[in-house]
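Just one chain follows, in the form predicted alone, and it is written as structure tokens.
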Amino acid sequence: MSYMPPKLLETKLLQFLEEDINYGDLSSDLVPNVPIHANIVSKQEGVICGLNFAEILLKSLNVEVSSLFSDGDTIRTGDIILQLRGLSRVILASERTILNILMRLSGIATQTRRLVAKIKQAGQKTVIASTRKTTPGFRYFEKYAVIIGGGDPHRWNLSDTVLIKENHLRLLGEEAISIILNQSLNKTSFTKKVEIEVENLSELRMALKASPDIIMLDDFSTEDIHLAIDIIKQTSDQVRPLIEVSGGINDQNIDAFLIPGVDIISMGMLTHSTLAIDFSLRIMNILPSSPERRD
């Protein structure tokens, strides 16, 4: 996972809180602002993810945090995940933001871990990758959850890799595949890989002439994937391109796509359709207070 300074993460996380708190918390204004001890508890089994982000946000609000797990750990129903100590109004105002982060990221990490385990059980080395089908403003966190689950983040943004897709080809014409690829190889730094998405075997044959780094077989049937792998093996004399398969693959049908020769399976559902893992915050007791701790 690429490093991001905690202060930058804190800024992003405070923006999430600002969206919820806006100009204040009318409900929390009704209760005493006293020091409390509260626990965040898991209501489901899964893979925990997002603890470090929760800690950064809570500590920026002067809430003491103790983590009983680390990101990537397996949790069970009823497990205490975090113990908090701080002023009641602060903890209540940040409750939903913290829980949303944990729920969303733990759901993604859990689903990714499940699919990675399924691939290992099948004896394959195929990599599970996410896509850019992420929540605006939340991509860094969702990609992080994929990594925690054992998957690959794929492209972080449009400047990461040259990826020539269907709409690029429509603007220039399918016959221009080789020209486009050669131009991208010439105009792009040697540090960047070049990938092309193909939708049929004819496009595949044309794309292979320019020796891209990665070929994405988009919405291919399993039969055509087998044919495509054979074509790539026959065409690529030296280093063959990585073979990525994508399009409509989910946890229900992934077994059919665990085909020898497929290097990567990219799945948008990891970040756009994964169910959250549920957590709750419970106030345990009021702590002894001192005048300086009150607002």
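The first residue of the shown sequence is 1; numbering continues from there. Quick caveat, the model's predicted, so the values are computed rather than measured.
Unshown form predicted together with a further copy of the same chain; subsequent notes refer to it.
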TODO: Determine which one of 200 to 208, 138 to 146, 112 to 120, 220 to 228 lies within 4.5 Å of a further copy of the same chain in the predicted complex, judging by heavy atom distances; exactly one does.
DONE: 138 to 146
- [ ] Please pick, from 264, 41, 259, 249, the one residue with any non-hydrogen atom lying within 4.5 angstroms of a further copy of the same chain in the predicted complex.
- [x] 264
Open item on the list: Please tell me whether any heavy atom belonging to residue 74 falls inside 4.5 Å of a heavy atom of a further copy of the same chain, as the geometry stands in the predicted complex.
Closed with: no
Open item on the list: How about residue 253 - does it come within 4.5 Å of a further copy of the same chain in the predicted complex, if we only consider non-hydrogen atoms?
Closed with: no
Open item on the list: Residue-level contact is defined here as any heavy atom of the residue lying within 4.5 Å of a further copy of the same chain in the predicted complex; does residue 48 satisfy this criterion?
Closed with: no
- [ ] Answer with yes or no whether residue 2 is in contact with a further copy of the same chain in the predicted complex, where contact means some heavy atom within 4.5 Å.
- [x] yes
Open item on the list: At 4.5 Å, heavy atom to heavy atom, what parts of 89 to 124 sit next to a further copy of the same chain in the predicted complex? List them in sequence order, or say none.
Closed with: 89, 90, 92, 93, 95, 96, 100, 101, 103, 104
